[in-house]
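Subsequent text provides structure tokens for two forms of one protein chain, presented individually as structure 1 and structure 2.
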Structure 1
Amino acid sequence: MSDTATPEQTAEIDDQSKRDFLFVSTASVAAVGTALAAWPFIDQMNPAADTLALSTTEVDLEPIEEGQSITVVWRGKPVFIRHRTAKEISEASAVKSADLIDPEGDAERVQKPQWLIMVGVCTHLGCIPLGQKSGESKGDFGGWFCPCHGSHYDTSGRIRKGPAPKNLAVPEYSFLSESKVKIG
């Protein structure tokens, strides 16, 4: 075989190179065009700014006195924040996990013992338990009571009696300072 190509062979090699270049160029332009056309559809699936704003709630704890509870809204759900008394903390800490329907220690439910933060929705059928306001029934264990089906929660929001299968949920939260908490 010789190292020199005939003019016909050189023309065929040039044509093949041109076809390969055109194929790769066309495929690249098509891929970029498809990505640019699809991006608005993909981007519109991201949550809107107003939805992102509702994903967290900041609460100033300073005005809440010991023994007082407040309710704030986070993601459309009531969140109970209670400034617990020393008596409530000791009662909640004294309960043995074996005595609970949904075993969970008080220390696992709070970051700071005096502040109990939990979603105020009964885990049985989604009712809102009583016990946030003074004068409301706090149930047999001094916490919260769901009158719809008779679930009783203790001073740590744990189910103690009734049909509810789980403790009141504790949302993700963090303390931004001694008197400010961010929920979500």
Structure 2
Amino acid sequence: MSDTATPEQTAEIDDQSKRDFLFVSTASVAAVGTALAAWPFIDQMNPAADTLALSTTEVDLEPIEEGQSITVVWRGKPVFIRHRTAKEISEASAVKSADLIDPEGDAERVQKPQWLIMVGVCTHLGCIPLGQKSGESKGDFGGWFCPCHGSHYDTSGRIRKGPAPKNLAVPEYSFLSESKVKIG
């Protein structure tokens, strides 16, 4: 009877599927286990607890006159704090979103219009834009200019021209008092 399996053959097939099952489940457990064991070796590269602990900076705004900027260091990066003039504020809020590469209203970028606080790192490849000191180029839009590959930012720190894809980032910050901010 060629179309029915002999008892031996059936036994063999049963055994085979049992072996396949054991093989696949062993391999799966090993793969998951390896992946889990790999995680600590990847995650150790992320910022360590002490690096994270240093990640807020407090700044006294009292001495900054209108029209002045200061640069503070936060998380190893420069943060630009600008005491904007009324003219700068009105220029920044007058821009239509159709003219922006990364549309964002000026009001969304500040908590108090006179204080513009943002990370001073060009969103292209990380250079530090010019425009903080009085003699430096402020670019075509009166804000900041990145010399590395020519990105122009406006008085709200928004990208207007050049290769950078995004506006200068606004960090998390909160006013501790009228003239004190905590960044981070």
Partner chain sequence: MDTNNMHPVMKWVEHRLPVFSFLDHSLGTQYPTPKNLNYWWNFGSLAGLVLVIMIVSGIVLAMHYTAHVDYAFNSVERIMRDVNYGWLIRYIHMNGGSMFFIAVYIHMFRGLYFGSYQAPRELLWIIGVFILLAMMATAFMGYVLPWGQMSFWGATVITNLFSAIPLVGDSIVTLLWGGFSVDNPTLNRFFSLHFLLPFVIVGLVVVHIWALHVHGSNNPTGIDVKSEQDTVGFHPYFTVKDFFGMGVFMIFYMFFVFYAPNFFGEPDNYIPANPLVTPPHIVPEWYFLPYYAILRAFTGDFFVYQIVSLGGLLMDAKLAGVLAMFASILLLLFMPWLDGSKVRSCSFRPIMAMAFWIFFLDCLVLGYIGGKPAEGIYITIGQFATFYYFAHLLVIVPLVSRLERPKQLPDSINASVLKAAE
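Keep in mind that this is a model prediction, so the values were computed, not measured. For numbering, take structure 1's sequence and count from 1. Just so we're on the same page, rigid core means the largest C-alpha set that superposes within 1.5 Å between forms.
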{"item": "Of the two forms shown alone, the one predicted in complex with its partner chain", "value": "2"}
{"item": "Core fit, then residue 33 C-alpha moves 2 Å or more between structures 1 and 2", "value": "yes"}
{"item": "Core-aligned C-alpha movement of residue 175 between structures 1 and 2, 2 Å or more", "value": "no"}
{"item": "Large Cα move at residue 137 between structures 1 and 2, threshold 2 Å, rigid core", "value": "no"}
